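The chain below stands alone, shown as structure tokens; this is the form predicted on its own.
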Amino acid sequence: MVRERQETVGGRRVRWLEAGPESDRVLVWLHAFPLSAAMWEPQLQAPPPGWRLVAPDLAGFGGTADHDGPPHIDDFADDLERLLAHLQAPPVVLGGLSMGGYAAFAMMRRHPSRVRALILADTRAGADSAEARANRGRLLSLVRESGAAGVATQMLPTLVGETTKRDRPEVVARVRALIEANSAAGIARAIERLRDRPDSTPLLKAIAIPVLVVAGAEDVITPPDAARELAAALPHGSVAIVPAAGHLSNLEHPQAFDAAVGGWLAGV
């Protein structure tokens, strides 16, 4: 059963979803842009045996309040550290997809003792290129003009794979609904966080814990070859490719995604 919790943590309202038993084996899932913790419902509904799953809404998304100051990707990491302290959690397995992966890298820079293993799904270590930064600027203008609905229309063609578009219209509709449930202000501040995040590539060789890198076989944003390169750059990296899935691999093909994660967790 999925449990919804909302409490004041660090002076701000934080919402998260939980599933599984009380356990010292904790798996935290960090969501993609511009969705929310609800994107992890397939995983929360079928947690690996013996694991407690925690999926927070990142700052400005879902039911979590944003910060007052200038936005920075490190906000996500510091919020998670406070939440883990609030939950009295031991070091966790931390999984992040896309923006959630960028937040996971921030966690490894700022609070590495909180993490005992990593799952990096459909994400990359590098900072935005000049072209990507320009695209962020255009998206920022779009969200200010057209709100979350405009962002959903713009992003959906690349967020999900061709198989999902053709065979799973309910998944496409679900992704649109998750995006449109967010505020334009939260999406805009997240765009700034993504645009200005630092390059995490120099961090890779120092990540001495087990890391699973996952990619959808049809991901056009962070394709499988990029996942293989990322895994190869890590001291203890391994890779799993999710068939018939695009950028949101956990939502598009949850059975294959969960099988890859579950098999890897058994060895952590």
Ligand code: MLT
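This structure is a prediction, so every number in the text was calculated from the model and none was measured. Sequential numbering from 1, following the sequence displayed.
If you look for the form predicted together with D-malate, you will not find it shown, but the lines that follow are about it.
Residue contact with D-malate in the predicted bound form: Ile221 places a heavy atom within 4.5 Å of it. Although the partner is absent from this view, Trp29 stays clear of D-malate in the predicted bound form, with no non-hydrogen atom inside 4.5 angstroms.
With a 4.5 Å cutoff on heavy atoms, Met99 counts as touching D-malate in the predicted bound form. Although the partner is absent from this view, Val92 stays clear of D-malate in the predicted bound form, with no non-hydrogen atom inside 4.5 angstroms.
Per the 4.5 Å heavy atom criterion, D-malate in the predicted bound form is contacted by stretch 29-37, the sole one of 208-216, 29-37, 227-235, 64-72. Contact annotation for the candidate site: Arg136, Leu159 and His247 all lie close to D-malate in the predicted bound form (heavy atom within 4.5 Å).
Residue-level contacts in the predicted bound form: of His111, Lys165, Arg174, Arg124, one residue has a heavy atom within 4.5 Å of D-malate, and it is Arg124. Screening Leu194, Leu83, Ala117, Leu142 for any heavy atom within 4.5 Å of D-malate in the predicted bound form leaves a single hit, Leu194. In the predicted bound form, no residue of 160-180 lies within 4.5 Å of D-malate by any heavy atom.
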